[in-house]
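This document starts with one chain, in the form predicted on its own, laid out as structure tokens.
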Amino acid sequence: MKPSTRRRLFRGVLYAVFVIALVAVVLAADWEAIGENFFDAEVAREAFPTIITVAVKNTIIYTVIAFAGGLLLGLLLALMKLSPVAPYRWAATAYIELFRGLPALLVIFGFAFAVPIAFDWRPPGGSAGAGLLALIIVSGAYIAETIRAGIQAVPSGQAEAARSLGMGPAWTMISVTLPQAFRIITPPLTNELVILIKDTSLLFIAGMALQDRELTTFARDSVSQTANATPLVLAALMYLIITLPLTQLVAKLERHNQRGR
């Protein structure tokens, strides 16, 4: 048997296995129970418009705040890690390794409950503010490594050429290196934004007021009230509506950068 024939035969077997598995799932599923528990139209109607005006709105607001804060913190940490001053490098490295190694949920829990108890201080914004501060701190550690990699990916000749024109190190970094670095790291930064959108779901652990709820907290509360899983399906759909365009944008930016090289 020719290799091409074997490949076609093997591919046909794979298709057949997939079709058989799909048919088995369709026949075994209790579609009536699935419809009643996951796609109840009445429960879905009750979720609107609050799921949009409160949950989606807050999810987007929390994401923007956490990303902007994490970006500024990450830029500072990246510059510290590349600093010729050793203590700055040590401090930035310790911070980055610490918060990249800790679960975000644990950090949120700490800022929402442990920090107020230990220091008799609550972050501005109550529970939502504590959760956002934790997300900024964690995301800053990840973004710092992304920015550092972008800066180091810029050819050293660019900085050398700028200095030969009389630019100082600081102005060279601001006007030459950073713009090129951010062009390189736009896809991974966009991916970090997508991750943050999903990480806002962890804010439920802080205990959110009704007007502060994001999508996951809203869905959890609605499931408890209705004893039906339809709100979870709606929340999942909203997450997909927000994140899928961004993931497609990441793929497009990556293809554009590859062509640019």
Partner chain sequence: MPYKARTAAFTFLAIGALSLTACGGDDAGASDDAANGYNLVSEGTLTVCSDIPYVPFEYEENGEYTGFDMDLVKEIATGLDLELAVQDAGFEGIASGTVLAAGQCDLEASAITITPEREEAMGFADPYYDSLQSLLVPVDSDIKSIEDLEGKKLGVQGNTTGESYARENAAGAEIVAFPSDAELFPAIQSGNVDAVLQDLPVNIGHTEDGEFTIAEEYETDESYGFAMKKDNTELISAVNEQLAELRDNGKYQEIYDKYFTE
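Owing to the predicted nature of the structure, the values given are computational and were not obtained by experimental measurement. Numbering follows the first chain given and starts at 1.
Below: the form predicted in complex with the partner chain, not depicted.
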> Between the options Ala86, Ala170, Leu98, Ile117, which residue brings a heavy atom to within 4.5 Å of the partner chain in the model of the complex?
Replying inline: Ile117
> Using a 4.5 Å cut on heavy atoms, which of Ala206, Val194, Val56, Val43 is close to the partner chain in the model of the complex?
Replying inline: Ala206
> 124-132, 73-81, 140-148, 162-170: which one contacts the partner chain in the model of the complex at 4.5 Å, heavy atom to heavy atom?
Replying inline: 124-132
> Closest heavy atom of Phe18 to the partner chain in the model of the complex, within 4.5 Å or not?
Replying inline: yes
>> Contact with the partner chain in the model of the complex for Ala112, defined as at least one heavy atom pair within 4.5 Å: yes or no?
In response: yes
> Any of the heavy atoms of Val223 lying within 4.5 Å of the partner chain in the model of the complex?
Replying inline: yes
> Are any of the heavy atoms in Phe48 no more than 4.5 Å from a heavy atom of the partner chain in the model of the complex?
Replying inline: no
> Can you name the residues of 14-30 that have a non-hydrogen atom within 4.5 angstroms of the partner chain in the model of the complex?
Replying inline: Tyr15, Phe18, Leu22, Val25, Ala29, Asp30
